[in-house]
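In structure tokens, one chain follows: the form predicted on its own.
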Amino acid sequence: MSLKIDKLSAAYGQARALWDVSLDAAHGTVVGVLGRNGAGKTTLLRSIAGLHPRVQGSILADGSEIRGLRADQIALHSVALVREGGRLPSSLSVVENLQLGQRLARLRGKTGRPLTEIWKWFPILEPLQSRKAGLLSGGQRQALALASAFVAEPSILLLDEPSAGLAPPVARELFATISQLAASGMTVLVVEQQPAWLIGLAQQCYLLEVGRVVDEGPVEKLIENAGNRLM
């Protein structure tokens, strides 16, 4: 499933957060959105997922307009948002969180991926099946958030700062899994403050500054052009 955004604007009260943002993510590709804190990256994802009420422009999922739909309706269009820090119901166990994802898959008319498949994709979670999500480490929680989205069989996956707070080896393993998810046919839009994680992963990147797209192209090109504006 493809994702196309055309002239998307979003505001908080009288303050504009996004200005005419346009981007394309073809089926089965990884597209990155780079920018400093406050650039509008999270607002962009929230707008796509239906969590931001004041949005103008067009958001097409496989050619169907989803702007203006409620968040639950957008989720049923097979769009999944994994928030920064892997926010999950902390009182539920790893398995219970995954079962919620399977329930969402059934609401989408799908079967939901079996847990045996999840353990192959996310081996870090298998020995933690009965542990409460609130007792997981940062890396474990981020892996569970990604697995909970994956088990529900989304077509478009939105990732908000997946490397935030993670040690480099943990982040490296997480991004390797993200690459495999895209290779399985999922379309991934990932926002990041650390551009190095997108090298070799994203086919296309966009640079946001103060809510506007100011550059686009391969991540290496954006790093070269932006210099310390990405630091």
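Given the structure is predicted, the values throughout are model-derived calculations rather than measurements. Each residue number is its position in the shown sequence, starting from 1.
A second form of this protein, the form predicted together with a small molecule, is not displayed here; the remarks below concern that form.
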* Structure fact -> Students should find that, of Gly38, Gly57, Gly165, Pro168, the residue having a non-hydrogen atom no more than 4.5 angstroms from the small molecule in the predicted complex is Gly38
* Within a 4.5 Å heavy atom cut-off, is Ile223 in contact with the small molecule in the predicted complex? -> no
* Is Ser179 one of the residues lying within 4.5 Å of the small molecule in the predicted complex, judged by heavy atom distances? -> no
* Proximity of Thr29 to the small molecule in the predicted complex, heavy atoms at 4.5 Å -> no
* Asked: So, in the predicted complex, is Thr187 in contact with the small molecule at a 4.5 angstroms heavy atom limit?
  -> no
* Asked: Which among 42-50, 57-65, 171-179, 197-205 is in contact with the small molecule in the predicted complex, heavy atoms within 4.5 angstroms?
  -> 42-50
